[in-house]
Every structure is written in structure tokens, then in C-alpha cells.
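Quick heads-up: it's one chain on its own, the form predicted alone, in C-alpha cells.
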């Protein structure tokens, strides 16, 4: 437990665990709506926000937050304009975000610092990151709890939710903003290239064993927290990129779960 004697490691664990809670919570609803690509799109757009921050000399996570929210609202608008081709809205925003990020990264004088935002960095999680992550994470949790049943309806069928009196348009906007906030908060720990995987993989593992919607949420949380804490500790001791270590840990947990489930069904499940 000597890693807890390091201040930067304690900060990384606080930030990582908050991200490890909100990412699968958002991911459950996102994946059940078959919108996991939105996570990938916004994570790449957040890179443009980081690049803007580096270019103009503003704290990069602030700009990533602003740009991600704008992109999320733009995706929701384009999804309505291209209802029969919803994936086209993602392609448009992704292309714009990556194009802008590429230009600004090459133009920014501090472009070398972009590496920590791409793959995460436990040593660079500062006090300012904690002050940003903690309150916004609690806001995200409060929103999910408050609108849980509305998001639940939307996860399965928007049309039926509308008929049931659920304010679909307003909740879609709220949900997209929550996704954008979650991705922006996770940048420092997991990195822009890998945050979408943290939203997806623990949920995929949880769905292997889940027997209900709520059990999917709880199992996803457990898998996510195990992956985040194990990944951060391993990356500390072996000097690895925390984002990649967290995701690989999650993938190994998923593969182990699938193997155990297969063996149980093949050899132990009553016929």
C-alpha cells in the first residue's frame, strides 16, 4: 500500500474512482440505446477541445468540457435531421473534431503536452482536476438518479416513451450533456483515445452475468472499479500508460467472465 504515500497517486485514485462510477452508469444507457459510437465521437471531439486549450493557453479540460457539450448538442440536432441515417451525424461531428484537433495540435507550441491527454497520466492529475471532477461527477450522479426512469424508457424505445408522456426531446438533450461531461472528466485519467472503451467494456462484462437492468448497472460498476483501481496501481508500479492499463484490465475481466460463463453452461448448468 506504499503507493498511497504519494500525493499524486491519491489524487489519481480519487479522480479514477469517480470516473469509474459515472462512466459505466452512462454506458449502460448508452449501450442499450445502441449509441456507443457517440462515446467514441465525443471522446475524439474532446481532443479538439484539449488542442484549443493548449493553443490559446487555457486549461485544456475546461475547453474539452465546452467543446464536448457543444458537439453533443450538435449530434442530437443532426440525429433529428437525419433520422434515417443517424450514424451520418456522428461521422460529421467526428470528422470536424478530428480535423480541428489535427490543425491545432500541429500549431500549438505546447503540442508535446498532448500525449498525457491522449493516453492519460496519473502523475499529472492535479488539485485543479480534482476540484473540477468531484462536483461535476456528483452532478452527473444526481441527474442520473433524478431522471433514472426517463432514461430507462429511452434506453428501450423512444416512441413508446413519448406515448407514455416522457419528455423525450428534453431528456435526450440532458442525456447527451451528461455523456459529454463524463467523457471530459475522464480525459486526464484514461485519455481521449480510450475513454469510450471504459464506457463500453465494463457494461459488456456486466451484461454477461446480469439478470435484470439494475443488476447490469451494479455489475458494470463493480467491473469498472476493479479495472480502474487495478489499472492505476499497475501503471504506477510498472510505469505504464494508465489509460491503456485500465482498458486492458477491463478486457481481461470481460474475457475471464465469458470463459467462466461458457464453462459453467457447458459443464455445470443442469440440462
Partner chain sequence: MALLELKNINFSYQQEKAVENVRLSIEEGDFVAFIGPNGSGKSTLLKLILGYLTPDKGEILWQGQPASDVMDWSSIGYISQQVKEFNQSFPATVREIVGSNLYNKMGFIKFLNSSLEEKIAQALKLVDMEGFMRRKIGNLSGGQQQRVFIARLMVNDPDLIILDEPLVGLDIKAQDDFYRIIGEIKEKYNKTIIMVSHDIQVISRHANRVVCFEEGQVYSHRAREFSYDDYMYDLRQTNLRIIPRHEH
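Positions refer to the first chain, counted from 1. Worth saying up front: this structure is predicted, and the values here are computed from it rather than measured.
Not pictured, yet referred to below: the form predicted in complex with the partner chain.
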Answer yes if any heavy atom of residue 132 is within 4.5 Å of a heavy atom of the partner chain in the predicted complex; otherwise answer no.
-> no
Does any heavy atom of residue 52 come within 4.5 Å of a heavy atom of the partner chain in the predicted complex?
-> no
Please check if residue 88 has a heavy atom lying within 4.5 Å of any heavy atom of the partner chain in the predicted complex.
-> no
Do residue 211 and the partner chain share at least one heavy atom pair within 4.5 Å in the predicted complex?
-> yes
In the predicted complex, which of the listed residues (169, 115, 162, 128) lies with a heavy atom within 4.5 Å of the partner chain?
-> 162
The one residue among 124, 105, 94, 155 placing a heavy atom within 4.5 Å of the partner chain in the predicted complex is 155
One stretch from 237-245, 64-72, 28-36, 42-50 that, in the predicted complex, holds residues within 4.5 Å of the partner chain by heavy atom | 28-36
